[in-house]
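We give structure tokens for two forms of one protein chain below, kept apart as structure 1 and structure 2.
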Structure 1
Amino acid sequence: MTPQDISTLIVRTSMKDRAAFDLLYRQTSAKLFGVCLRVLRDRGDAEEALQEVFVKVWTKADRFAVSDLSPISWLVAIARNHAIDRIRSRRKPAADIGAALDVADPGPGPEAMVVAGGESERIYQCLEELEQDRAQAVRGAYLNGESYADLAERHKVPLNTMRTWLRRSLLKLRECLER
């Protein structure tokens, strides 16, 4: 399936076409489940989240038209934000912060960078301009959905320090991305 095909399926889903929705699920559920699983680190939770994500996709597919995101990135953003909302609302903090670090992170690998093209290289170039541990914190937050509180605990710094630290990194990233 090309991005164009996924776009078509999302547009048809916005018109309440169930056949298109079924096909969209078949084509994209593995990626979105991977997102939920990585953020939530619990299969049952991730399955529940994936259901909610596709309910959102069905009801909000018309919003795709106003986004600049590629179709798969738009779907990933829905799944990521939903999984992060879900983990933030958990009563007790994530079961095991350490577990998140054990999840293998293959990194952007040369293939992925080639496939994703110019914009992809840009964010990686900009991350490289940050100090290594800060770039890692940005990547970790993005991929694992870690909160300021999680990051502060891991790096053993006060929460406000962590926030200042990460905000400075984001400002540097913005400056680099717009260069």
Structure 2
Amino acid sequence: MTPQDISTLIVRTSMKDRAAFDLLYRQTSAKLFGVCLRVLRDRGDAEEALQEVFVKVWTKADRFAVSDLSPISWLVAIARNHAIDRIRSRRKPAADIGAALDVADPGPGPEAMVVAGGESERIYQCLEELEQDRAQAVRGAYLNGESYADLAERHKVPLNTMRTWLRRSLLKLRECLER
């Protein structure tokens, strides 16, 4: 069937000619079904969409403008747009922004931040009471994430000595913080 024949069928369909609409369906439904199936990726859904597409063609055929353009392109555009609309209608609506007000912030609140700030100041004061090399080892291990072996090598002491320094330094820090 030529594009001119399809254009004629669409024009006759706009005048509610059922025979023309039947022939238009038989001539174009396979192609339009393929478009719906490609977009929707579900045979049953594509079949339903195809029926709805032809209902649209029946009701909107009077909007078709005969031109040099291919009439099948007009039909394909209707089918494609309808299939996309079906996908969009299945999506969950976006959550109401007001629901976000009920979500708790897992971070500390302003009061906890002030308390933590005071605690960190106390920790740094207690670190000052330690011997300088012990304080550097504690900072390296617990604030910078350095390994015991790296600290032992840097301070030129055996690994077990470094472990002892750190353990005893933590005990001294705890004593200082409990005062």
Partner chain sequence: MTLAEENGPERGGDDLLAAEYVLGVLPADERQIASGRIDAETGFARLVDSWEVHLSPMAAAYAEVEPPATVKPAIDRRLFSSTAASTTAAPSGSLWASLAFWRGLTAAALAALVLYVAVPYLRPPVVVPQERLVASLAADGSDVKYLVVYDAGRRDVGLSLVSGERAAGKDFELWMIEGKNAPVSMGVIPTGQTTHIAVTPAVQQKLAQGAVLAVSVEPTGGSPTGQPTGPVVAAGDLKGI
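Just so we're clear, the structure is a prediction, and the values are computed from it rather than from any experiment. Quick note, the numbers are simply positions in structure 1, starting from 1. Here the rigid core means the biggest group of C-alpha atoms that line up within 1.5 Å when the two forms are laid on top of each other.
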Structure, 1 versus 2, that is the form predicted in complex with the partner chain: 1
State yes or no: after fitting on the rigid core, is the Cα displacement of A30 between the two structures at least 2 Å? no
Return yes or no for L166: a CA shift of at least 2 Å between the two structures, with the rigid core superposed? yes
C-alpha of L143 moved at least 2 Å between the two structures on rigid core: yes
S67: CA movement between the two structures [superposed on rigid core, Å]: 7.5
